[in-house]
Ligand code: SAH
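Here's a solo chain for you in structure tokens, the form predicted alone.
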């Protein structure tokens, strides 16, 4: 058996030449990639190899012999253990450069673009306390039952009482649920045995300060009155029952325990009703930048029909409808479609309609039925667009589109197919929706000549 260039349990000293979106530095030993979480470009580091494969190795950072000028002390005490943030150890300016570079490299290397018309990334003035929603698992730890987040690549719970990227109202709500659980002796759910009661606390805060809390349990919810008393400051409290042995947070059954069934959120001057299952971007400040960029790049006209695919509760759809002649939204989640229709009615927007169906079924059918589509937006999940959606876009009459993506890799894959089908990339606008975290959103504007 040939020896690998890097073997498990070896120690190496090397210089880092790039950083991944997950916050891992990448150095090389005779050309062989060694990933080092927490290391930065230009740093000379000493590393203990904890994993070695035929194509790469992973090392634990032992020492930074020559630190980067961009290195900083993490503000969060749980940073070294929690898997939520990737860039707590680096200046925000350098984090933005890393994310901008990742978008460009993905479109070049995976998307096949020789030139990327990249605009400067849109960051935040204050990159903290921006998340308006948090989902906190409840479990046993060395310090007893606690809410927290999972350590990287594991389901080992790290207790977190205050997350610095979550809005304070979210953390306050979760703290109140923890007090209720401790007082009433509610047992945490155990993934291994499938026993226990309390699984998650999920909280959402609107820009106006309204609060929704969802308690997720296996089996019945005990001590409902005490829970309602503990969360009497909330505007909406739901109980969700999830008896399945799954990593999916919510089960199918929601029961309103207290307050209003929905909250109202305002984005770009349009009001939206939000239910527990509704998808809504978690960073309202950056969301307005993201959607503003998409609208400006797409530039819908009063005479045009726009398809908004993966539309959620209709946020972009209703913004598009203020400029376009007609908007057709497509979304698979029934509750989100119901919210979208109600949002259109409440905002007095008659030219937006919504289809409840998988995008890979709905868009091909619209095209096959001869529905006119002048331009479109897509905002798919991290896996990107289904192949049937790309095929339908190429078969449609759309000459312009705005692709909103949360994954540079799947964005590049889909852009490659779209450009092969006749589209040209006109502009790429990265937006930092998740400061300190290993994610970056982008809006890509594509056009094609008349068919």
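Computed from a predicted structure; not experimentally measured. Positions refer to the first chain, counted from 1.
What comes next is about the form predicted in complex with the named molecule, which does not appear here.
Distance criterion of 4.5 Å from any heavy atom to the named molecule in the model of the complex singles out 312 from the list 312, 88, 276, 196. Checked against the named molecule in the model of the complex, the candidates 325, 358, 112, 152 yield a single residue with a heavy atom inside 4.5 Å, and that residue is 358.
Heavy atoms within 4.5 Å of the named molecule in the model of the complex map, among the stretches 117-125, 76-84, 276-284, 241-249, onto 276-284 alone. A residue is said to contact a partner when one of its heavy atoms sits within 4.5 Å of a partner heavy atom; residue 332 meets this definition for the named molecule in the model of the complex. Contact check for residue 138: every heavy atom lies farther than 4.5 Å from the named molecule in the model of the complex.
A residue is said to contact a partner when one of its heavy atoms sits within 4.5 Å of a partner heavy atom; residue 379 meets this definition for the named molecule in the model of the complex.
The named molecule is not shown here, but in the model of the complex it comes within 4.5 Å of a heavy atom of residue 316.
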